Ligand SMILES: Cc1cc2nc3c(=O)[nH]c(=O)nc-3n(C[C@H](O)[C@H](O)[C@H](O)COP(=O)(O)OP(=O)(O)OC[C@H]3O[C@@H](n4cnc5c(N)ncnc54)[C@H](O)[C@@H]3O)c2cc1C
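A single chain, nothing else alongside it, follows as C-alpha cells in the form predicted on its own.
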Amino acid sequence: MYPSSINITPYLEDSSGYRGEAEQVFTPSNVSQVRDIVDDARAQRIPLTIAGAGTGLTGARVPHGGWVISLERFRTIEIGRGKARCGAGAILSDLHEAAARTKQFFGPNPTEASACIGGVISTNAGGARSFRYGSVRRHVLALEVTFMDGQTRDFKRGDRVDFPIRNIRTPGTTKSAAGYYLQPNLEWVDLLAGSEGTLGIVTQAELQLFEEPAAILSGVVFFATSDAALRAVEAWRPIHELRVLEFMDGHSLALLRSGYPEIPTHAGAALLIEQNLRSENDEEVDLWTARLADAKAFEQESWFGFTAADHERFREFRHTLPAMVLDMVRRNGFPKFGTDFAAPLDRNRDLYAYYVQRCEELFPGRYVIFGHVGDANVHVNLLPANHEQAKQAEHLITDFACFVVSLGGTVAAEHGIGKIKTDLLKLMYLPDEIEAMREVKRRLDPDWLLGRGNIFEP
C-alpha cells in the first residue's frame, strides 16, 4: 500500500501564483508504491499530476482535479566520478553541495536552487551556465520511469525510442523547452526530458558531472547603455571557456541600487560573466583589460574576482533581482507577467529593441529586462499597478510571443509550457506538428491521465 493522503493545500500552486484543485495527495517512498498509485489511478480513470518542489512558473505541477503524486521522499544523491545518481525529489542545491565535495559540478545552473531534480528534467531547464553547457536534457545519462501502464523501465543514454514518431521542426535557438523533442534517431532520455510530467513518472536520474576548473574568473561589468552592453555580447560570445554571459538593463540596476549602492550611478546596463581558467595567472585574465576598453565598459568601476566569496557575491547579486521583482509583484497585488522567449543569436538585438519599444509605449518605468543574453533569452518582467495594466500586460506577452516566432525563436526557452502557455505553443507549431506530439502522448498515456492540462489543452 502507498501512504494515505496528506494536506492538499501546499500542492495546489506554484511560484507563478497559478492555483488548482485536487482530491488527494500521495507521497510514495519507493517505486512499488508509485506503481500501485498508477494502477489505481488508471483503473478508476483518475487524472494524476506529478508535484515537484513548486518553483515552476507555468503551472505544470498544479493539478486540475484528480490526484497529486509528490516524489519528495525520493531524495537520495550518490556521487560518482563524472556522474550523480539522484532521486527525483532531490533538491538541486543539495546536488551542488554533494558534487562540490568531490570537486565536481553539474553543468547547467537553473536559477532556482530549491527546485527538485525531477522538476529541472521535466522542463529541460536552463540557467546562467546554459550558455556554455546547454540545457539539462544534454546532461541526462539515465532515467528510471514508471509509465501509465504500470511498467517501470530503465533507460540509458543511447537507448532509442522503440515506436514510430513523426519529426517536427526545431526553433533556430540554442535552447528550447516548448513541447516534445521529436527529432530523428530519438533517444528515450531526450523524449522524457522536457515532457513536463505528461509521458511518465521519473523516479531516479543519472546526471553528468564535470571536474571543477582550476580557477574561475567572475565579474560584473557595467556599461553606460544597453546598446553598448549588447555590442559587447556579440564580441564576447566566442571567448574560450566563457561559461556565463548574463544581462541586466538600467531598470534592473535601478531596482538593485537600494541594496547595492556601489553600483555606478551612471551605469545603464551590466553584463555578468564567468570564465573557466587554467589558473589565476592564465593569459586570459590580461586580455580582459583590452576587452573592456574595446567595449567602452566601465573598467575601473566593474567588479571582478577569483575567490569563492567573490563568486557567491556576484551570484547573489544576480539572484537578488528576480526575488525583488517577485516581492514587488506581490505588494502590487497583481500576477507577474514575464517572458521566457528566446531568439536565434543573430536576432538578439532585434528582439531586445522590440521589447524596449513596446514596454516604453505601454509600461514606461514599470518593467525590467534581464537574463541569459548569451542564449538570446533575456526575460522581460512587466509590473502592472492596476487592473487595466494587467490586461495590457497579458496582451503584450502574446504580442512578444508572436514577434519571437516571426524571428524563428521559441515561446519557452527553459521554463516549459505547463498549463499557462498552451495558447503560445500554437503560435510556434503548426497543427500537424502539435498532432505529432499528441500521437506520442496517446501512445504512452492513452487515457490522457498524466499531467492533464500540461502542454496540451485538456
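It should be emphasised that the depicted structure is a prediction, and the values quoted were computed from it without experimental measurement. Note that residue numbering follows the sequence shown and begins at 1.
This next part talks about the form predicted in complex with the ligand, which is not shown.
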Stretch from 258-266, 154-162, 205-213, 111-119 whose residues place a heavy atom within 4.5 Å of the ligand in the predicted bound form: 111-119
Contact flag, A88 vs the ligand in the predicted bound form, heavy atom cut 4.5 Å: yes
Do V140 and the ligand share at least one heavy atom pair within 4.5 Å in the predicted bound form? no
Report yes if any heavy atom of A385 sits within 4.5 Å of a heavy atom of the ligand in the predicted bound form; otherwise report no. no
Examine V378 and determine whether its closest non-hydrogen atom to the ligand in the predicted bound form is within 4.5 angstroms. no
Looking at A60, V38, A412, V404 here, can you tell me which has any non-hydrogen atom within 4.5 angstroms of the ligand in the predicted bound form? A60
Let me know which residues along 321-352 have a heavy atom within 4.5 Å of the ligand in the predicted bound form, or say none if there are none. P322, A323, L326
